[in-house]
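Starting off, we have a lone chain in the form predicted alone, written out as structure tokens.
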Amino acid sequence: MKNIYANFVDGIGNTPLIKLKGPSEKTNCNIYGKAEFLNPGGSVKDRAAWAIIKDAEQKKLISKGGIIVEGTAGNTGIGLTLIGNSRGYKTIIVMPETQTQEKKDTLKSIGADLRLVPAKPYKDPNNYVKYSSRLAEELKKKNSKGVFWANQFDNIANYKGHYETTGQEIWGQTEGKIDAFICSSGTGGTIAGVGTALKEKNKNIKIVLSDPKGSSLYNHIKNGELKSEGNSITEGIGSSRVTKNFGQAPIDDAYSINDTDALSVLFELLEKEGLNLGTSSGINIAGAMKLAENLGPNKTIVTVLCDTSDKYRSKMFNKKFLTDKGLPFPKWL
């Protein structure tokens, strides 16, 4: 049967589950990854971008010739720009200058108006998210077609998109035989949407957060306190606050995952299973393995393979960078 799509956007979602053989064998569980890197924009964030744009269109907040403004660490910006291109919108992306050069280059090459700002904590008025909100307000005065601030962190169209698509897909693909879902949180949209959808089907399914070092969410779940420890080379995941999307997530437990474990599993999957995944996928899979060990054998666990390593090449395959940080590197470097 041929899949013929009317447009680019129809290609978002319905991604396969891939059994992760190494992690499954090591834990005597079935660990599956939802292959979100197969979305047309290359990441799980295509889903949030489309859900947010669709919601704005339904509310008549934007029309052809309008502008989407967003503060993003990269992938949501890519999704918004590509979908914006296909719907007749311009896209302005505000990004911390600390993100990888690969992400900056990708955004520029697909036509985003990229504005780089110094990295500031969320409480600072010049934090990239707050800066993007102010920019959208200023531009609204000059554009009659609509200037729309996507606000991926606190716009709950994000989590609703995952509730309607990702969560339902995982339930169908596993035929309801799923014991746990685990992933990291950037905006919180994925874990909230998938978690809510799965809990509605079966309240016994465990929903677990896999949190990188340097994020405050692990401590928030375990101890009710937003406190961070350590740091991570991962980008786009972890948070110092509870976003409106994350606040919707029905989370049962959390693991704090270090970069060494995340990178080790990524390099092994690349070498032995041909899976070329980015850093947040490593946090997710290492978390899934810890969860599998705790749940015991023969359980079915699903996590998210967010994107590929292409956007993190200058970190993940940079022997000097990794060695300086005391992190493992692939033996073929």
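Remember, it's a predicted structure, so these values are computed and weren't measured experimentally. Start at 1 and count along the sequence shown; that's the residue number.
Beyond what is shown, the protein has a form predicted together with a small molecule; the following relates to that form.
Student: Quick one: 185, 189 and 237 and the small molecule in the predicted complex, is every residue within 4.5 Å by at least one heavy atom?
Tutor: The answer is yes; 185, 189 and 237 each reach the small molecule.
Student: Identify, from the list 81, 75, 215, 166, the residue with a heavy atom within 4.5 Å of the small molecule in the predicted complex.
Tutor: Filtering the options by heavy-atom distance leaves 75.
Student: Using a 4.5 Å heavy atom cut-off, state whether residue 49 contacts the small molecule in the predicted complex.
Tutor: Output for residue 49 is no: heavy atoms all beyond 4.5 Å of the small molecule.
Student: Does the 4.5 Å heavy atom contact test between residue 39 and the small molecule in the predicted complex come out positive?
Tutor: Although the small molecule is absent here, residue 39 would stay clear of it in the predicted complex, with no heavy atoms inside 4.5 Å.
Student: Quick check on residue 34: any heavy atom within 4.5 Å of the small molecule in the predicted complex?
Tutor: Contact check for residue 34: no, nothing within 4.5 Å of the small molecule in the predicted complex.
Student: Is there any non-hydrogen atom of residue 285 lying within 4.5 Å of the small molecule in the predicted complex?
Tutor: Judged by the heavy-atom cut-off of 4.5 Å, residue 285 is well away from the small molecule in the predicted complex.
Student: Could you tell me which of 189 to 197, 172 to 180, 112 to 120, 219 to 227 sits within 4.5 Å of the small molecule in the predicted complex, going by non-hydrogen atoms?
Tutor: Of the options given, it is 189 to 197.
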